[in-house]
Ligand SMILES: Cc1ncc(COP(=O)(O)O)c(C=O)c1O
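Presented below, as structure tokens, is a lone chain in the form predicted alone.
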């Protein structure tokens, strides 16, 4: 009966999560999408249509006919799945074409595709902490320095590397003077440093100043035998920010030593990727367990992403990026005029509407859902106490009519819960 005790232990933890009202397993089931003339596609939940303001599909590419045609074409040519891992069954040309297109898109030497950006972060961090053959033990010669608000995939990537506490440091969120302090304090103690940050931070739509970060890191490169290596996870930046859709690379003018990103958000497909110098990508292909021993993305998924990357380098993609930018400006003005405040002045599709109270935030989110809008409540501990927000995510697919209706319903809901007079 020992397993019964284990099951009770699990149930107790589930009960604790439920009582804390932080459960994540009760997802809304979207049964499909409904298209209306002059409107963004609406999600169908239990037969009712909902406006989607919680999606990472910043350009609306997952519903784009060219992207869907690219998926179908690749599936017809290569099959529904990859068959096996790439070093066993051989790699499919669509994966190679996609990697070349990603490198071209970023003006980088090389790129490689992973099953997800989470898997990519785990691999990149572990491999370059280790910096040796994959069979060797971790040596204590690497310092890892992480932004205080980095994504869970970065945190877990550092954890699984098994570094001692003294090999890990955190700098204050977006504070590059504090990063400089950390690098100064550790001079002479380590061979190399990995400085890791998100590009766009998903809770507020803030972004890292890669130019300032690079300036600090370059100033300490000679202080470490193997230098200071910059790694940026710009999952929310790609196909969402910048005139060319390259996220923080466009906005700051800097491509880090290694850029990790996803194709499951703005690109409208799925999977993750890493881009950088050829020698670093070659090393990852020989060392990254989540690449070597894991299937790649499906051929259709790769075909869809390939179309999206090519589109971003053409006039149609540039027009979508401009439309997203216009939509963000329009929404912010309408929401401010209605009496709402924003947690930060985000130029990204993530627009954090500041509420400041968890109860009212929950009530407002529920009222919006009842009125046909899906948005996300963000409360403590994800954000500090008193910084509770509703995260509205804007897409190029939204029309002015969509944005007008969203603000109108936010205003009505705000009055209903006593947030607005």
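Numbering follows the first chain given and starts at 1. These figures come from a predicted structure and were not determined experimentally.
If you look for the form predicted together with the named molecule, you will not find it shown, but the lines that follow are about it.
- Of the residues 235, 248, 240, 305, just one reaches the named molecule in the predicted complex with a heavy atom at 4.5 Å or closer; this is 235.
- Just one of 206, 99, 71, 198 comes within 4.5 Å of the named molecule in the predicted complex, counting any heavy atom, and that one is 198.
- Taking the partner from the other structure, the named molecule in the predicted complex has no heavy atom within 4.5 Å of any heavy atom of residue 105.
- Proximity of residue 118 to the named molecule in the predicted complex falls within the 4.5 Å heavy atom cutoff.
- Residue contact check for residue 151: one or more of its heavy atoms lie within 4.5 Å of the named molecule in the predicted complex.
- Contact between residue 276 and the named molecule in the predicted complex is not found at the 4.5 Å heavy atom cutoff.
- Only one of 223-231, 279-287, 178-186, 262-270 places residue heavy atoms within 4.5 angstroms of the named molecule in the predicted complex, namely 262-270.
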